[in-house]
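One chain comes next, on its own, written as structure tokens: the form predicted on its own.
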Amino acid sequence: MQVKLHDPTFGEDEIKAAIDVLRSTYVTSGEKVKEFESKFGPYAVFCNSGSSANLLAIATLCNPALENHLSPGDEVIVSALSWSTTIWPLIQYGLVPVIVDIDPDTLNIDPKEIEKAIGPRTKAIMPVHVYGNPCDMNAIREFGLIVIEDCCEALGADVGHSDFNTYSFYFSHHITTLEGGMVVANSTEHADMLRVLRAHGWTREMTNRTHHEGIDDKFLFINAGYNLRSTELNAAIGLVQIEKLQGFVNVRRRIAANLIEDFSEYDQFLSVQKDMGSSWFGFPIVVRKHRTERIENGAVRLWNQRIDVNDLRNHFEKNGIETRSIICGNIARQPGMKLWPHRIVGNLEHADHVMSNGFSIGCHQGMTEKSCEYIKNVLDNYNWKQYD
């Protein structure tokens, strides 16, 4: 048996929707894009990837056309356990990432570490909902900073709504538009700026369009911009997929519940992510720093020896269970970070531990009860006795 990290979410319905768009010949960004955006609210802007969604959110916050915009040298607090394109847009706009540690139980940014990191130039926080598990947004918002929620792994979870929320519809995510992303702002002003920056800096897609005497309104450029648009074909697929989202999430949650129970037998060796209402992008597993053993009266005995994470991963892989690193590990340890100004608060020990002793397996709509039974069987057949 094989248990993949992901199975395709699309089928004949999505293929037909895409073919219908091609036959119509109306394939560039148009009415279907607007309809797909409407599923996310009045301030949603569809673009070509989740990475571009992050870029557009940061570009909007830094744009000089807006009052109180961020400026080069301003700091943005980010989790050590994050993705590269959470960080790179900050750097590309001259902002300084301030990297803080995670809560080892949830794998999300630790609000206590945020408090330690706030300085005179701190203007924003960019939390990542790791593997679909919502961060403690109530605690995060209490700091009174701008909040950009990276929800690219958390579609279908109750993540709340901040200044900006970003989503990804990449092939391996909860739903797919093949490639695609969404930025959800909290005002018409920000949504209009997102639309201007998404397409060339022109006004064509603004809600409140501006005019300039002597210039054709269709070709009026009021700002710098990119070309980060998506297409009618992507949106048509998304419109079919979004109707299936809740069903996909329900399956993921059922699979996760089974896996949590199966892995609980090995709690002395392994920890799994504490569920805060996750939509389960995958199922992360971390080897404990110490082997634990419950003894009398609820006391815990610690053993310094811990299992070899690579040996366990190889055991899974040899038996057809695909594994991968959790996100990209501790972003502060990636060599590209050495090239750019950033600040690290604390020793990031929990993110380091996840990077060196964590991995994930699949948890998706293509899995069944038999998938869980197979994973449990492979887990049981690992050579645990070598650690006695």
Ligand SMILES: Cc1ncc(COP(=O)(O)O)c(C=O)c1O
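Remember, predicted model here, so these are calculated numbers, not experimental data. Just count from 1 along the sequence shown to find any residue number.
What comes next is about the form predicted in complex with the named molecule, which does not appear here.
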Within 4.5 Å of the named molecule in the predicted complex, heavy atom basis, the matching stretch of 189-197, 150-158, 271-279, 220-228 is 150-158
Contact with the named molecule in the predicted complex, heavy atom within 4.5 Å, among N63, S29, T323, S51 goes to S51
If we test each of Q241, T203, T85, T106 for a heavy atom within 4.5 Å of the named molecule in the predicted complex, the one that passes is T85
* Does the trio R306, A351 and G358 actually contact the named molecule in the predicted complex, every residue with a heavy atom within 4.5 Å? -> no
Touches the named molecule in the predicted complex: V78 (any heavy atom, 4.5 Å) = no
Is it the case that F248, even though its partner is missing from this view, gets within 4.5 Å of the named molecule in the predicted complex, heavy atoms only? no
Within 4.5 Å, heavy atoms only: does I99 come near the named molecule in the predicted complex?
no
Legend entry - Contact test in the predicted complex: H173 vs the named molecule, heavy atoms, 4.5 Å: yes
In sequence order, the residues of 126-140 that place a heavy atom within 4.5 Å of the named molecule in the predicted complex are V128
